[in-house]
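First, one chain by itself in structure tokens, the form predicted on its own.
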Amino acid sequence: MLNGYLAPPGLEETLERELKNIKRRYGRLFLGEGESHFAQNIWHDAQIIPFTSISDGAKKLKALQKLWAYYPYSHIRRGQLIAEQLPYFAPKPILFPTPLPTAPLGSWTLIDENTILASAHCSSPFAHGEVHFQETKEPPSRAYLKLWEILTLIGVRPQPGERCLEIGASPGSWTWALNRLGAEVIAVDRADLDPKIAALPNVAFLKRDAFSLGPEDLPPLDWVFSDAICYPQKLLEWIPRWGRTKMVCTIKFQGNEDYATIREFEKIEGSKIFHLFHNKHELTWVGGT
């Protein structure tokens, strides 16, 4: 069977460059084969399901599993009528920290008036891979949502009293989020932190080039975080200095995706790579967890 790959809005061309052997395209959804880093949600073993009526379409979906997320593409009103006959599903913004949903969630769409494309097994437990949090205006930017999302997905986060290094910390949204978890934070950047973040208890700020730092320059660390703007190769060369320390780093691309460098990140023992709902033209790499 083929898979469905749902592109993040605005990254359709990025996903199209990455995938091999694309058979069909339905808006942001590509039907094909291959591995993907940039898909927002992967519909594993997507099925083509003919149906004769709205009630028949709903019946065939319910026979596969209970909960479904509808992706509107073709014959949208007809799709909405089918969705109304499925068990009620209306995701709400989640409060961080909250564990991942455990109920299986399938995805489906109409590709014509009498044909459903569906998958009962998707890569994301969230509808369309969209992770919506109850937001706050306390931090100086919305970048903290990336950190909340990755910590939710991996199911591990800094504990009270643990020591974190964050590089590229200015203006301080990740530092705020780590401090809120009760962690001690050493924030490093050439630019100053937002004064409200710098004044938080258990936050120490170093104004310097973060990539000149190594473990020998700092007290023992439990975590290393980076949302720094830099070439992926520079980050790749810096990561091994920290050994088995738990790490979360954003891989930011300067132009088109560098798949050779992505493969080098994957070779690091224990690596996991995600394209988050809150990522743009970037990936999030996790190691040591």
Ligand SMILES: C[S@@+](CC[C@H](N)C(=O)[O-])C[C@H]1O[C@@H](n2cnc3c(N)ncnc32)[C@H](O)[C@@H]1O
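Keep in mind that this is a model prediction, so the values were computed, not measured. Don't overthink the numbering: it's just position in the shown sequence, from 1.
Below, we turn to the form predicted together with the ligand, even though it does not appear here.
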Contact assignment for the ligand in the model of the complex, among A191, V156, L100, A199, heavy atom within 4.5 Å:
A191
Can you work out which of H37, K60, R28, K252 has a heavy atom no more than 4.5 Å from the ligand in the model of the complex?
K252
May I ask you to state whether Y73 is within 4.5 Å of the ligand in the model of the complex, using heavy atom distances?
no
Is S141 part of the interface with the ligand in the model of the complex - any heavy atom within 4.5 Å?
yes
Can you check whether F133 is within 4.5 Å of the ligand in the model of the complex, heavy atom basis?
no
Can you tell me if L178 lies within 4.5 angstroms of the ligand in the model of the complex, counting non-hydrogen atoms only?
no
Option from 260-268, 44-52, 28-36, 221-229 whose residues, in the model of the complex, bring a heavy atom within 4.5 Å of the ligand:
221-229
Which residues from 153-177 come close to the ligand in the model of the complex, meaning a heavy atom within 4.5 Å?
E166, G168, A169, S170, P171, G172, S173, W174
